[in-house]
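Presented below, as structure tokens, is a lone chain in the form predicted on its own.
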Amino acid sequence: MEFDPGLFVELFARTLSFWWVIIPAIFLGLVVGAIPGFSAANTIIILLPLTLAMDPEIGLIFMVALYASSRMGAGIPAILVNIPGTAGAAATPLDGYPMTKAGRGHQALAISFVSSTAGGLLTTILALLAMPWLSQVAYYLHSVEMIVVMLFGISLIASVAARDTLKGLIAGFFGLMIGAIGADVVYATPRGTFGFLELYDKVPLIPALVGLFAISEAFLVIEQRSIITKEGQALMAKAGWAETWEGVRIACSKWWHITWTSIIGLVIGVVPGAGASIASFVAYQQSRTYSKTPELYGTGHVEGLVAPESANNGVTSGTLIPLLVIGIPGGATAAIMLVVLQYHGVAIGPDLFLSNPNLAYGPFTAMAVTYALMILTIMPLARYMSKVTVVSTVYMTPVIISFTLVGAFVSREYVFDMYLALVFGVIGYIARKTGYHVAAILIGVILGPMLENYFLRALRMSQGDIMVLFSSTLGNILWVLLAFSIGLPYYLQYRRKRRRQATA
């Protein structure tokens, strides 16, 4: 599986000739990603007859472009109206939305676009160069290691709870309890379903996501004329291209932050089933841990926006590696790509890189071209997209609630999910009004069931021996790193306190 640079140049030029496929897929992906509840996987399924009718190479290019652009699109509503388009963008509003409320929505979008494209482009190139080694990551990250990776994400609850520890931990454990609703994974015994058959397959993620963030925010903003402060409105009135390009400059100055957080996304993306939500939470937690100004996170801090956007776009190339190397899809979209390739009789595996390098390496070059074209086609729109925030809440709130309820319905096509989204909206509204952080609740809902599955799998393999959690060398290294990342903020806080006392 050795890589020939000449082949890469030839593939890049060939992929660029399919711009007429990539550009429409980019705009379609942006729209799909920006609508809560819709995803690249749903859209590709709807368009499956079209992709099956295409040549397999063109079909793959179309699906890859749609997948990459939808990941960027999910961050747009997360920044502008506090509504993550997908679970992978759930950490984006933590710092993106405060920037919008301060009248810097156009800058936040510019920073997001640069971070997304730079992170996606960098990890795509790294995936091409390091594919023989990255393809082995999935063999080393088993249940024990994934438990620790999940705990990295869940430890973000402690970071969110920094201002009010008790309320933050209560919100996090409440989210973990909600995540435990559904049929038990061992005995299939219903837990906390209250007799609703729709909850036997656990609490659906999309209604919880749009309810906690979107609907609760809609209930909140209806109490005021605009989501932007008066100072922010004055800034928005003066905002021009100079401020937008200032956002680009700020993002470029964070090139090292983009680099290492996107690599986190790439490595997590290689593990089948891990996904962008884990990557974005872990990247945000690590970014805050090693920051010199952790107290600024959650107030509109640039690094708090860069980290999750770089990481969740780094996942995109990672999910394709196990698909093409060992035939195991890394996510829902990759699974649909596998169906298309099998329909055309393409044999997935290491031999594909020798027998048909255009199909093997083509998705990665297509992703690189997509990210390169995205920065040229989407960046000029940042200034105009941000104008949606000046619309009166009298008109914005009904539109937000309508779109999010439709999004809650689309994923499973149950009317029950629309009511569930409203319930979560009320829970989120009460949480915001009483000082509890909805992000802490959502982290528990997303990562709790995953943690339980990996934990029970590890116990079954060890016949109930809890010490299996410390039986792996790599796992033990990760345990040490987890303890270090949790303890480091407290140590740095202690040092800063001592330094202030010495100065005084």
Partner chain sequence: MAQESTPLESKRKRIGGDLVIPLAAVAFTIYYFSTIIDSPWTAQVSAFFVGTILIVLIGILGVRSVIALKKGEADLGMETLLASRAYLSRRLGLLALTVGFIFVVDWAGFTLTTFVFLATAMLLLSEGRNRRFILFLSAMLALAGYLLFILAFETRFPAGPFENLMKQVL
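All figures in this text were calculated on a predicted structure; none of them were measured in a lab. Positions refer to the first chain, counted from 1.
The next section is about a form of this same protein that is not shown, the form predicted together with the partner chain.
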Looking in the predicted complex, any heavy atom of Val468 within 4.5 Å of the partner chain?
no
Report whether the minimum heavy atom distance between Thr244 and the partner chain in the predicted complex is within 4.5 Å.
no
Give a yes or no for Gly327: in the predicted complex, does one of its heavy atoms lie within 4.5 Å of a heavy atom belonging to the partner chain?
no
Heavy atom to heavy atom, is Pro190 within 4.5 Å of the partner chain in the predicted complex?
yes
Counting heavy atoms only and using a 4.5 Å cut-off, do Asp55, Ala118 and Ala130 all touch the partner chain in the predicted complex?
no
Would you mind picking the one in Ile446, Ala41, Val32, Leu60 that has a heavy atom within 4.5 Å of the partner chain in the predicted complex?
Val32
Of Leu28, Met450, Leu478, Ala439, the one that lies within 4.5 Å of the partner chain in the predicted complex (heavy atoms)
Leu28
Just one of 429 to 437, 372 to 380, 301 to 309, 357 to 365 has heavy atoms within 4.5 Å of the partner chain in the predicted complex; which?
429 to 437
Sequence order please: the residues of 403 to 434 with a heavy atom within 4.5 Å of the partner chain in the predicted complex.
Phe403, Leu405, Val406, Phe409, Val410, Glu413, Val415, Met418, Tyr419, Leu422, Val426, Ile427, Tyr429, Ile430, Ala431, Lys433, Thr434
